[in-house]
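Read the single chain below, which is given as structure tokens and is the form predicted alone.
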């Protein structure tokens, strides 16, 4: 991959990042004991560690607004400089009023601002980011910046197979001067209509076709990366990236996607495993503490991968959303990436949060189920 394979705008990218995790979590081993299953099924089989949880009265708005406030605190602009606020989420509070309006209310953001919500399962946050980038590049922004937020609370019915993958979190990004990272204008998208994961209006919890969802995820991975590689040698093309971030429904699913990628490139099992261990696995430490945060999942990984990067280093970011849509982006670290100021958000939230036991979890889930009815 030559140094000019991608086009990066000189004046547009990620200016600041903020993250927010909720104040509760549960070790998946505790959940395994509650459900009467072998803990290795969750830890080794799924690759999960802890699942972030929201207490009663705390949810997607608090997550989104908290991440936004942190991003804004690291930005040298003001609310008057925001011309677009868009929230990617599948945790909608209302079928008409967008989450962006709830967040804007929390921030005191109003005026000459375009405000809306994007929905496409876990892909929604990436779509919001791409729309903000393209809005800036089109000239429609007239010099203003965008506030993009990916935020979700993932809950499944008690004892559902997806329960140990639950999680929550939010990532907010100011799209303006690319101090943290530039985003290549080229991206690589692939989609098919599929019912691999869905939640009809009125249903409290999602439905999942697990085998189909994995097949869709693996196929999307292969198709998007094949577009990026083109007719080049895959090892050379991907070797120009310092890290690869994926949407993380659970870490083992990412590993299976990478295995599919290696097979499509004709790599040996050993070469694929080495690629995963060096390029992908280190980017999921924060995800193992948050659980699946849906739209925020990829961007939690990308935020971790960008922190500490030297200016000019590039990472890949693969987004997947059921239904299904997918897209692969390339980001180039800016001068502020090396400092990685947003790591303080995760450190503070992990230090302050409380791990709940089985009894507290059952009580919490009881309140969630009652609220959904």
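Residue numbers count along the first chain shown, from 1. Treat the numbers as computed from the prediction; the structure is a model and nothing was measured.
Missing here is the form predicted together with a small molecule; even so, the following discussion is about that form.
For the residues 54, 330, 46, 61, the 4.5 Å heavy atom test against the small molecule in the predicted bound form is passed only by 46. With the partner omitted from this view, the residue of 100, 283, 221, 292 that lies near the small molecule in the predicted bound form is 292 [heavy atom within 4.5 Å].
Proximity to the small molecule in the predicted bound form, taken as heavy atoms within 4.5 Å, picks out 158 to 166 from the listed stretches 173 to 181, 75 to 83, 158 to 166, 229 to 237. Although the partner is absent here, residue 188 is not a contact residue: none of its heavy atoms lies within 4.5 angstroms of the small molecule in the predicted bound form.
Interface residue remark: residue 257 is not counted as part of the site for the small molecule in the predicted bound form, having no heavy atom within 4.5 Å. The closest heavy atom approach of residue 326 to the small molecule in the predicted bound form falls outside 4.5 Å.
The closest non-hydrogen atom of residue 208 lies within 4.5 Å of the small molecule in the predicted bound form. Contact with the small molecule in the predicted bound form, defined as a heavy atom within 4.5 Å, is made by all three of 38, 214 and 252.
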